[in-house]
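We begin with a single chain expressed as structure tokens, specifically the form predicted alone.
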Amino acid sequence: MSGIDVEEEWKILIGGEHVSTENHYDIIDPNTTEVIGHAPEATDQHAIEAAAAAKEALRSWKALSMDERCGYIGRAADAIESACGDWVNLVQAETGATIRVARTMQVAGAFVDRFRYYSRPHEMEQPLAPLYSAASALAPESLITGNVIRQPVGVVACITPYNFPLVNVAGKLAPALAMGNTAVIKPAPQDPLAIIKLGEILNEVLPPGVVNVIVGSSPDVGAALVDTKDVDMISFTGSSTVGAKIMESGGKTMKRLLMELGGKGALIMTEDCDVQAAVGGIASVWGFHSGQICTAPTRVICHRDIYEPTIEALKAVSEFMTVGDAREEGTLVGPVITESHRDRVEAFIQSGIDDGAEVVVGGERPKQDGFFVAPTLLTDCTPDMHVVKEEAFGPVVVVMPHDGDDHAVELANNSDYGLFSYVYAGNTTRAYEIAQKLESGNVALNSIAPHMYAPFGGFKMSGVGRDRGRWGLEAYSEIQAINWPS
């Protein structure tokens, strides 16, 4: 816990003021099970006050030009980049991330890049072509022209997940602010401390109340943000179950919604694909952040002709997936976030065994003090199994055979989820044809790498709306059409 003061007092942020709370709760390092800090326990009243502060700051913030707002975001990016290098130990202790993941992905990297991207102003107006309008009871004959412009939604509640807390909130906050919205951040209860530090930096750069930070372990805090009329939009990343509750509750006040929810990524392998390339892609994500990533290709749908070679190749690469102390350079697979989540993933694996799947790799708890789950490979899986249908959010991969492209697509689409899928085929044309038949918001061909500025979001139970790139700005805006006679 180098550089971490366990007794440091952490505060929430409301209207530019750092506010102490009466109660606190423990933050546990999943790698060691030690307490690393005591997070502030906000109440639902704190949440309501934060939303009111954001509402008060909204008028002056949205009155600024996009150039002016983007200038603020650019200065925030500079301040974050200068400070966040000191957050690595804290983020690693909160999330259980390995050293490499903490340094390159949790802190800096994509985190700062998202602020940088939205610090560049974008043109958000679209002229309408003149249209002849015949005389009517409403108006005389005329030629009507106009503009379609984007207006801010208002106050956005950014409710973020535990797996990549800083990166995720940056992807919500930066476009929301650029479009003229103000925000209340509600981080996941498991690892909120780095988000509090982010709030401190932003509070030094932005006008008071533009960004507020509320922390709490009770679901009542998030529920208060969903219920209050002072919040106009909910941007949520998390489980489909919670997302459905937000949609139901938010409907009472017509909340605008952006939700990135669960995933059960399918990776299709055709008989002519490069098996080693596909296995390399699977392996790179299999134990990445201990499988706590919604885009992971956890359903491998492999042509029957290459089924056995694929399993053997996966077994071989698993031997290099070192499980252990996340603070050591050689560790590839660290712990999952909490003891209860470890128990959930273990129960998930056991359900597969009970349903007839064979454990080829893993399946046993590593002998470590933290909340560890060994990378696990299940074969002899069928489409009706729980392990095939639901998300483990842990280092668990299932393999099923298919008998041709149409069968592979049928198996891939036999899911409530559709966030990110993958196709490995002998040529890009074949892979592209398969991709168009998949019920998935994103598809990568012969690669695991995403395009970071492509629209991101899911079909079906995987979410509502799209963010990233220009689509992120559109997601945090309302469309307004203004027309007049020319």
Ligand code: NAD
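The first residue of the shown sequence is 1; numbering continues from there. These figures come from a predicted structure and were not determined experimentally.
Here the subject shifts to the form predicted together with this ligand, a form of this protein not shown in this document.
Undergrad: Just checking whether residue 239 would be counted as a contact of this ligand in the predicted complex - the rule being heavy atoms within 4.5 angstroms.
TA: Close contact exists here: in the predicted complex, residue 239 approaches this ligand to within 4.5 Å, heavy atoms only.
Undergrad: Taking heavy atoms and a 4.5 Å cut-off, does residue 208 contact this ligand in the predicted complex?
TA: Flag for residue 208 set to no.
Undergrad: With the partner left out here, check for me: in the predicted complex, does some heavy atom of residue 168 sit within 4.5 Å of this ligand?
TA: Looking in the predicted complex, residue contacts with this ligand include residue 168, since a heavy atom lies within 4.5 Å.
Undergrad: Taking heavy atoms only, is residue 198 within 4.5 angstroms of this ligand in the predicted complex?
TA: No, no contact at 4.5 Å.
Undergrad: Which one, 391-399, 300-308, 95-103, 346-354, holds residues whose non-hydrogen atoms are within 4.5 Å of this ligand in the predicted complex?
TA: Answer to the contact question: 391-399.
Undergrad: Of the residues 282, 194, 226, 409, which one places a heavy atom within 4.5 Å of this ligand in the predicted complex?
TA: Of the candidates 282, 194, 226, 409, 226 is the one lying within 4.5 Å of this ligand in the predicted complex.
Undergrad: Among 262, 250, 362, 324, which has any heavy atom within 4.5 Å of this ligand in the predicted complex?
TA: The residue from 262, 250, 362, 324 that makes the contact is 262.
Undergrad: Hey, which residues along 158-188 are within 4.5 angstroms of this ligand in the predicted complex, non-hydrogen atoms only?
TA: Going through 158-188 in order - heavy atoms within 4.5 Å of this ligand in the predicted complex - the hits are 159, 160, 161, 162, 163, 168, 186, 187, 188.
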